[in-house]
Each structure stands twice: as C-alpha cells, then as structure tokens.
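A single chain comes next, written as structure tokens; it is the form predicted on its own.
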C-alpha cells in the first residue's frame, strides 16, 4: 500500500514539473527556442525562496511571487541580450537552442557565486545543500496534519491555469501572442508588435520556471544543481504534453512528474531498492515513446476540448 504522504508530495512535485513545462512551451512557441537556460532559472527560483526565508524567517510560500518575478527578469535579460539578436540575424533553431545553453552556464556560475556568498559571508553552512521542507509549517485540518505546501501548490496550479487560459482567450495581449505565434508576418500587418509578444513570452516562461522552482524547493532537496537534476523531467513533460500546445503541457508535465515520483517506490518492494537509482529513466522513456507514437503529444486532444 502506497503511503498517502508520498502521493501528496508526488502531486506537489508534479505541479512543479507541469508549471515548468508550460514555461518551456510558451518560449518555444513564441520564438522557436528550446530554452536550456530553464534549468538555472528553476534553480534561481529555489534560491530566491531559500534566501528570503532564511533572512526573514517568514513562511517559504510567501516568496513564490518574488521567485516568479526574479526568474521572469532573467528571461527578459536572456531575450534582450542574446535571443533577440539571434532572431534578428535569422539564426537557425539549433543556434537559438545552443545559445540558451551558454546562458544556462552563465546563470549557473552566478548561482554558485551566490551560494558561496551565503555560505562564507553570512555563515549559512547549508547554502549548497538544504531541505526547505523542514521549515514548511504544518496545519491541522480536522484530525489530519498537512504541510502548507500541500495546499498552496494546487491553488497556484489552478490560478496559473486559469490565468493562462483567460489571457490567451480573452485579453488583447493573449490574442496578439497567439496571432504572432501562428503567423508573425500577418500579425505585423495587423499592427501587432512582435517585440512585445516575444518579450512578454520570455518573461512569462522564465517566471513559470522560477515559480516551479519555488514549489519544487518544498519537496526536493535544494542546491545549485537542482535545475540540472530536474531539467530532463521538465522537457519530457513538455514533449509528452505537446510542446506546441500550452494546455497540453499542464497535463503532460503533471503525468510525467507523477510517474517519476511514484513508480520507483511502487516497484521497489517487488524488484529491489536499486530501482530508485533509475528514476530518471521514466521521464526519458515517456518522452521517447511520445516522439515515436504521437509526436504532437496530448495537447492536440486537450486543445480541441477547450475550444
């Protein structure tokens, strides 16, 4: 029998993966760029939560908006300094993708500098390896005791889904984004400024990376490499959901995260604890099977129902 706590933590983890997968999808659809800097943007979200919590001692969930804004800012900087110039030079999709790998290494280096700063200047010995879940407050509901993150994560997930759905279907900016994504030249003829769309897409995609990192920090051990440890799962979620369909990534990311978190402990009693070492095989397998069987992912089916 599976522990209920394990299932709930798996749901929180899956929400984090889903939000991150949507961020990847938004940037890809807007600028045709696979954002490998997503890994460090997620990690910065983790460290924003950790640093603000450590210095203020307020509940970690309170700083999720700051994690969103900071990583959104990193997305804007990445677009303005690197991606925009390459798009104007009509760089290939591969060059756009590889440029974000370079950005990721730069962000990762600054993240390590920040972690060292916390460790050596402020004497925070756990700055390079911490479990923020330890300080997540418990709340008693009836006869059950739950972590605050177990409540906050689903609420954030619903809010972001509704926000993106309303934005794309009801607001002028969202409609302009859809028009630019589908046909940039035609959108320009209609008076839509693609620069605003691209800039906002990178802000929103980066912000979702930071937000997912903030939630991830409450169920996953934190450290400078946390983005690298989970980036495969984020991309697998985007592929399974259908990277060209934002709504599909909500579902794809959630399914991939849930499978990765729950399958190893389910199989461990049957085959042995060694199976936990192969946890990353699960998202990779799901991604490969999706590309072989249905490259468009689950998103096509979901978008038909939402329209």
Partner chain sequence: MIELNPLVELIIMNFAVGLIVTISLNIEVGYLRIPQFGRLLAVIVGAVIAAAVPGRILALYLGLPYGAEYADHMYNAKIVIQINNFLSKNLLLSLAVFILTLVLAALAGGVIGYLCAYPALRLKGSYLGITLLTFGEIVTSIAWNYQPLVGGTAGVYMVNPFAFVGSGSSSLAALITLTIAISIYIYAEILARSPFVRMLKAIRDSEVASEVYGKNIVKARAQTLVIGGAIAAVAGALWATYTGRMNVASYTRLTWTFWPWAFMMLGGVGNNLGILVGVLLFTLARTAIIQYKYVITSVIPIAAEWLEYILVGLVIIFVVMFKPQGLMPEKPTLTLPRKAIEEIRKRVEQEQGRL
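This one's a predicted model, so the numbers in the text were calculated from it and none came from an experiment. Rigid core (definition): largest C-alpha set, two forms, superposition within 1.5 Å. Numbering follows the first chain given and starts at 1.
Form predicted together with the partner chain: not shown, discussed below.
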query: Site check 68, 151 and 202: each within 4.5 Å of the partner chain in the predicted bound form by heavy atom; finding: no
query: Exercise: residue 145 in contact with the partner chain in the predicted bound form, heavy atom 4.5 Å; finding: no
query: Partner proximity in the predicted bound form: residue 140 to the partner chain, non-hydrogen atom cutoff 4.5 Å; finding: no
query: Partner proximity in the predicted bound form: residue 85 to the partner chain, non-hydrogen atom cutoff 4.5 Å; finding: yes
query: Residue 36, heavy atom within 4.5 angstroms of the partner chain in the predicted bound form; finding: yes
query: Proximity to the partner chain in the predicted bound form, single hit among 126, 196, 77, 106 (heavy atom within 4.5 Å); finding: 106
query: Partner-facing stretch of 170 to 178, 95 to 103, 208 to 216, 156 to 164, counted where any non-hydrogen atom is within 4.5 angstroms of the partner chain in the predicted bound form; finding: 95 to 103
query: Residues of 258 to 288 having any heavy atom within 4.5 Å of the partner chain in the predicted bound form, listed in sequence order; finding: 277, 278, 280, 281, 284, 285, 287, 288
query: Core-aligned C-alpha movement of residue 273 between this form and the one not shown, 2 Å or more; finding: yes
